[in-house]
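This document opens with one chain alone, in structure tokens, the form predicted on its own.
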Amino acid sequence: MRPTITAFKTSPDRGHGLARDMAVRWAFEEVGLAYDVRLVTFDALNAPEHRALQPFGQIPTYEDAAVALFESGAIVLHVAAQGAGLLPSDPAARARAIAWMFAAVSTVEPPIVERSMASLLDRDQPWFEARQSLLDTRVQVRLADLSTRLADDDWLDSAFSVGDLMMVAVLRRLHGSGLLEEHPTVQAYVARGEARPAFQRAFLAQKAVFDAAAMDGA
């Protein structure tokens, strides 16, 4: 059985590569592993068969002949272990790569997502500007930390790894915010990740789904 993931049939990211299947697609492309995609509607997220795979009613999910998984980080790690290129062979370097994965989703992503949600949901509230300033500062602290870590290096720990993949995937959510531009080292780091051929293939594959849905709705 070829690995199969789920993705939105009509993605709210409008083809910008921000839906959570993007990191999984990128991982598949980096290790050179073929995969299938099952497109789901928002209504299907609450169907019993999907909830059996993803108890929180989200995407992506992953299935192969041996295992069914949910959570993009867990799926990316599983895919990374299937081939070369994302997990270093040296045990210590491998452990550090996985640590950077956790840092991406546990330390860097939460303030970015909180900021994005506030922009979407709270903009009409009288306290929005003050809270947004606070959230911007929290994101800026993380970006400054990353700038210090990267310094003049291309990647977080010598060679590109699964840690960089997840970190870039998280940081891309800041496009259009103006915050990345204030940290040129991090901005250049994200650009290096996006320039990778595997990223480009994954981006175009996800964008093709949005384009097809847009054509169907035209």
Ligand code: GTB
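Throughout, we count residues from 1 along the sequence that is shown. If you're wondering where the values come from, they're calculated on a predicted model, not measured in any experiment.
The next section is about a form of this same protein that is not shown, the form predicted in complex with the named molecule.
Enquirer: With the partner left out here, if you bring back the named molecule in the predicted bound form, are R115, L174 and G178 all within 4.5 Å of it by some heavy atom?
Expert: The answer is no; none of R115, L174 and G178 reaches the named molecule.
Enquirer: So if I measure heavy atom distances to the named molecule in the predicted bound form, which of the stretches 185-193, 56-64, 28-36, 155-163 falls within 4.5 Å?
Expert: After filtering at 4.5 Å, what remains is 56-64.
Enquirer: Would you classify A44 as touching the named molecule in the predicted bound form, given a 4.5 Å non-hydrogen atom cut-off?
Expert: Residue-level check for A44: no, no contact with the named molecule.
Enquirer: State yes or no: in the predicted bound form, is some non-hydrogen atom of D145 no more than 4.5 angstroms from a non-hydrogen atom of the named molecule?
Expert: No, D145 is distant from the partner.
Enquirer: Flag P12 as yes or no: does it have a non-hydrogen atom within 4.5 angstroms of any non-hydrogen atom of the named molecule in the predicted bound form?
Expert: Flag for P12 set to yes.
Enquirer: How about L18 - does it come within 4.5 Å of the named molecule in the predicted bound form, if we only consider non-hydrogen atoms?
Expert: L18: yes, in contact with the named molecule in the predicted bound form.
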